[in-house]
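Starting off, we have a lone chain in the form predicted alone, written out as structure tokens.
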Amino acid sequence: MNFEFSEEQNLLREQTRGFLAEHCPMSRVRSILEADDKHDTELWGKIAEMGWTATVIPEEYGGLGLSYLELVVIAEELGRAVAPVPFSSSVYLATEALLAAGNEQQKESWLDKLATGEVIGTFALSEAHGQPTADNLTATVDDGKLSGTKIPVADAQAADIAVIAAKSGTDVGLYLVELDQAGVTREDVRTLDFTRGHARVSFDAANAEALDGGASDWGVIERLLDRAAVLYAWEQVGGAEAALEQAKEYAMGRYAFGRPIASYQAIKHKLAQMYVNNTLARSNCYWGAAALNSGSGELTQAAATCRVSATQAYYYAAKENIQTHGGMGYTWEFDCQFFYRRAKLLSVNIGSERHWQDRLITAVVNSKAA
């Protein structure tokens, strides 16, 4: 099987990287970090104009109708740039939830707005510390009214709609909620990476519309997270590659005792290990992208594999990038912090590394038993 991207997809990569180099330099990321903004609204508008938010949405709903291979290319470049935009919440999760579980009316009502960036979506699952499961969901829906609290919800302050996991009786379902209504309150939650806003979202008899007639189950949520895991993994690989490049550039230009510190064994070993981790993660991400794009039955195993390896690679690269820069790497003035902040955030946003390790083991065992 050929895992290489096509000439058109590589051209998309070059265009995406060039666009972000111009419109999302590190100085722009820093301006969001140091301000009270929840995301870069101007950059979000430009990204929507580029059509990235419409990538996999079918043409009949106002999208471009491209494949997931184009979307993972964009995800990787957004990761490289540490872009302070709600792309993952709106595209990887809210849009995917509507595509997977929305009825025709819901798709016609919202997908075209998500495609143009006019509407920002998010996904609310977690309610407490620990791994989210069907058993610990406490948000409930009764006669179309949602009550409960979700924390933390990524990009909730910027979002117009949210897809919520909640219970109706003993059944677990996905529900679409417009966030600008009387029954919804949003309170900022400070995370390590505050270039991506998070919030505690409380619902008090808020109007909620069931996706797929409320007939969802926990398996639907797991399949949605599997799909998102592949996209997040590509974003993590992009960040890991950028962290390695930043560390290498600094090591080759920083001299100690008359020669570049990159020539010293301790630094060379760090950079080499970063490269090995990144290469392994990228290899696994190729598998994840192929499984996602083809709708393969191996998606769960592929998604968990690339998610675990990308999480490990990004954290290691971000950490060792700081170490390579020495004491200055820990200071506010240096840009190393952006990769570390984002690596830590992405490592837990749809379940921790431990959660995805457990999911991988379960998938492998089930495949052998089948």
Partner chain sequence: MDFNDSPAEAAFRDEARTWLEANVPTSEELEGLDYIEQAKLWQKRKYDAGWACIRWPKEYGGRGASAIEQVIFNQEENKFDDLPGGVFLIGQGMAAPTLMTWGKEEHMLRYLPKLASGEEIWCQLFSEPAGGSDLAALRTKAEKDGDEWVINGQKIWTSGAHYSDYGILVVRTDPNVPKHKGLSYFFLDMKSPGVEIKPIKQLSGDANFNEVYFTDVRIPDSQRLGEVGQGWQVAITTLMNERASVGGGGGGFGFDEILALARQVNVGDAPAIEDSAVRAKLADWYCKRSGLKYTGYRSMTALSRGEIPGPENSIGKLVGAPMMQDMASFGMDLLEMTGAIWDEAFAPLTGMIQAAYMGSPGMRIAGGTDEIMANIIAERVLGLPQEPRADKGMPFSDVPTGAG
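Positions refer to the first chain, counted from 1. Since the model is a prediction, treat every value here as computed from it, not as a measurement.
Missing here is the form predicted in complex with the partner chain; even so, the following discussion is about that form.
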Heavy atom of residue 16 within 4.5 Å of the partner chain in the model of the complex: no
Partner contact for residue 283 in the model of the complex: the partner chain, 4.5 angstroms, heavy atom: yes
Contact flag, residue 320 vs the partner chain in the model of the complex, heavy atom cut 4.5 Å: yes
Close approach of residue 125 to the partner chain in the model of the complex, 4.5 Å, heavy atom: yes
Within 4.5 Å of the partner chain in the model of the complex, all of 269, 327 and 364 (non-hydrogen atom): yes
Among the candidates 191, 207, 116, 106, the residue which, in the model of the complex, approaches the partner chain to within 4.5 Å (heavy atoms): 191
Contact assignment for the partner chain in the model of the complex, among 102, 173, 152, 148, heavy atom within 4.5 Å: 152
The partner chain in the model of the complex: contacting segment from 251 to 259, 138 to 146, 155 to 163, 173 to 181, heavy atom within 4.5 Å: 251 to 259
Interface residues of 42 to 81 toward the partner chain, as seen in the model of the complex [heavy atoms, 4.5 Å]: 69
